[in-house]
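Below sits a lone chain in structure tokens, taken as the form predicted on its own.
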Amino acid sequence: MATDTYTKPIIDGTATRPKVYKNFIDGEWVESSTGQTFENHNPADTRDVVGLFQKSGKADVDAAVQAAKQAYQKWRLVPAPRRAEIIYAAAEILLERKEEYSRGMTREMGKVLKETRGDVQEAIDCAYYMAGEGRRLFGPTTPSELPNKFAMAVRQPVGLCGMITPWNFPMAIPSWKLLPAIVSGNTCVIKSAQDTPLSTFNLVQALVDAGLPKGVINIVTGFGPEAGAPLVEHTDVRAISFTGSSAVGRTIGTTAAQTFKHCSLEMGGKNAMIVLDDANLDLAIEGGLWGAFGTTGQRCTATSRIIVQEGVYREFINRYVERAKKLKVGNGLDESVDMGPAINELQLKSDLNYIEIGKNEGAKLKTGGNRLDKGEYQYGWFLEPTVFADVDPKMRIAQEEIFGPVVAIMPCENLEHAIQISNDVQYGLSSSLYTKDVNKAFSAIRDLDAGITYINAPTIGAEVHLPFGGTKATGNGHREGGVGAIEFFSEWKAVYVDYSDRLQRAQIDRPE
């Protein structure tokens, strides 16, 4: 859209030209080579234009890659503790700006303020954690099999890394990728989600203000085919870290393999929460509401299935539905709101389509299912919290990721039956179990086929110091968070120092 369009932001009621944001390449804010921009709208009120962002093309990606390639030659030689000090300083800056950045995120993404504050806090937590890793990039030393010979392994940076991030956690997920990458000595080009570019800008601005050298991180905004694909294809990019749909991830993985790039894929989920007869039902209902409707269900870890043992099945449904009906939907800037809008019209239409699929499959719609578009909702992408009951595990609404505030409840006979239902999907990201029986809890931890398992908590709530990722179609085996991120963004080098002053041939010259 043209950059001279005037809009009337809702937040202050005055006619204002929306701010134009530029790409960040080699330490400078620059316009895209295309000369085009796109609008970033508030999904709760589409009259509110958060800003205009660059609609970048291949030339912009090339420039960003070149800047990162040049910066790498110096950045990789900066001692890791010094790199970590910059990250620590950025954490302090983010802490000071937490409320400002949270409110900006709510405007561009829609989720309620308590959640965007948590999103920014997760970036802060990640920064503090990764700052500590600057002094813990350990490698093993080990005895050599030959005399007068020293053996060890050291971590080295991968090189130039590309990141493609989603819109649902627009600061937290970029922090998961950028911070372990740069503390390991890599340089980066990030293509932020077109729906939520502002929060990535804010994260990088904090790093720049903390003293990050030019070219170490570069931002290119735009759309997948024009900006994302050239980044994945670029021969100078040595690693790609992607979070998004399984369909896109499959394409990225195939493309990355052609040039032997390291490739981390974090994709979909169809996560189940199991509630057994002995569970604290009050706690399970609270957890199930938060897991299903937090972030409007727009989490890869969202509780999209609830499997309830027959003894408490009807009671759980009745109480859960009653509570779901009371959730307040609205603009996330209103502190009293429980659930915000869908991110955009396309996602809302997809949610509504799945609701129709559920009805046609014979699931019982217990509450919700309708778009909210009257009065205060008329300019946003709002949907009622939606609950289906008596869902067959083979129904599409029980098998496919919806990524909206739609939950499917189904009965089970016992724990073994529940685990069978939980595992019988293509994804394996998160899982949870509510029970007071420690034996059953540990059996579930062992048998649930997922990268994450919670006991007496919903399927959401990961912490930055533990590995995050899943099995099956959820990912390709790599993990974000904790040392798993360091593993992806570094490579091992084995080092042998022979101080015998003679040729020693391993496996041949064995001492007698």
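Not measured: the values here are computed from a predicted model. All residue numbers are counted from 1 along the displayed sequence.
FYI, the form predicted together with nicotinamide-adenine-dinucleotide (NAD) isn't displayed, but the following is about it.
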Okay, which stretch from 354 to 362, 111 to 119, 268 to 276, 129 to 137 lines nicotinamide-adenine-dinucleotide (NAD) in the predicted bound form, with non-hydrogen atoms inside 4.5 Å? 268 to 276
So in the predicted bound form, does residue 224 come within 4.5 Å of nicotinamide-adenine-dinucleotide (NAD), heavy atom to heavy atom? yes
Indicate whether residue 300 is a 4.5 Å heavy atom neighbour of nicotinamide-adenine-dinucleotide (NAD) in the predicted bound form. yes
Residue-level question: is residue 401 within 4.5 Å of nicotinamide-adenine-dinucleotide (NAD) in the predicted bound form, judged on heavy atoms? yes
Classify residue 228 as contacting or not contacting nicotinamide-adenine-dinucleotide (NAD) in the predicted bound form by the rule of any non-hydrogen atom within 4.5 angstroms, answering yes or no. yes
Quick one: of 295, 422, 218, 192, which gets a non-hydrogen atom within 4.5 angstroms of nicotinamide-adenine-dinucleotide (NAD) in the predicted bound form? 192
Give me the residue from 160, 387, 173, 94 that has a heavy atom within 4.5 Å of nicotinamide-adenine-dinucleotide (NAD) in the predicted bound form. 173
At 4.5 Å, heavy atom to heavy atom, what parts of 424 to 442 sit next to nicotinamide-adenine-dinucleotide (NAD) in the predicted bound form? List them in sequence order, or say none. 429
